[in-house]
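In what follows, one protein chain appears twice in different forms, each by itself as structure tokens: structure 1 and structure 2.
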Structure 1
């Protein structure tokens, strides 16, 4: 069983590293933010409700989020494990997950990045809106959002609405006190590893794989 959680503030690189690890070890990545955005793009009741919170940088209520994630990790492709990105974010979510998997969490990877670097990264982030691609990119590295996605070659690049500066400020204000609680919670269970998220993407990947004992 490979049940791994990625913890970190908005823009720390959870999605980037969870996707790399998922491709490396063949365990599905489950992202709460991506699931909410998927629901929103399909205009489901859940997506429309979640967007009321996401658009202002607040957290979606625990009940809704917990139900969505526990249902997703109960699906067949998660039988050998899952890599969670963006969940849990509150102690209530952490406790619910712990109960649902009988404490079977192998490791929590905490990606640490300073706040000023996070703000810079989020204002530069571009995503591919093709669901099977979902690439996370840097606008300055690819020269804008008008070109095709460098990963799937489709004209589907976009900036997330919650990456506007005023929403980013609220997201970080909401997340900072909560992440401290989660770091303590998982440290007390002795399953937390911290990673320096200010290195480049490849170096963060190497540090994670080294600390998880994955042969490179």
Structure 2
């Protein structure tokens, strides 16, 4: 069983690298952000509650997040393992996960990126709102938010409210002390590996796979 966690601040590239690893080793990626956005778009009770916090860059309460994640990793496709992106974000979440899986976390990949670089990245990020596409793109690279999505060629680009500069700064201020606690928590369990997230995507991927001992 391979149970792997991707840890890092918003914009560090956790989702990109978690998906690459998922495709490489055939273990499902479970993204807390994607789960929340599913509930938001479907206007479920959980989604309405979560939006109160996500729209201002604050963390969703632990009990809501924990229950959602534990339900997801209990599904059949996670029987041989899972890759978590965006969870845990607090010590309480980490401890709850540890108990739920009987301590069976193989590795925690910590992607390190400087705060000023993260503000720059997130403020430039746009997404395609077409559900079958859902591309994440650089606004400056594609010529602005009014351009068509280069992946599906639809005029459906949007910037998430929590990627606006003032919200990004608030998100990072909230996350930094929590990340430090989680880094210490997993480092003490001797399952943490650190990766330089300021390299290009391919180099980050190579460093992760090398440190995980995956044949490339």
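Rigid core here is just the name for the largest C-alpha set that superposes within 1.5 Å across the two forms. The model shown is predicted, which means the values in this text are computed figures rather than measured ones. Numbering follows the first chain given and starts at 1.
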Of the two forms I pasted, which one is the form predicted together with BIS(adenosine)-5'-pentaphosphate (AP5): 1 or 2? 1
When you overlay the rigid core, is the Cα of residue 98 off by 2 Å or more between structure 1 and structure 2? no
Rigid-core frame, C-alpha of residue 173, shift of 2 angstroms or more between structure 1 and structure 2: no
How big is the turn of the smaller rigid part relative to the larger between structure 1 and structure 2, in degrees? 13
Once the two forms are fitted on their core, CA shift of residue 144 between structure 1 and structure 2 in Å: 3.6
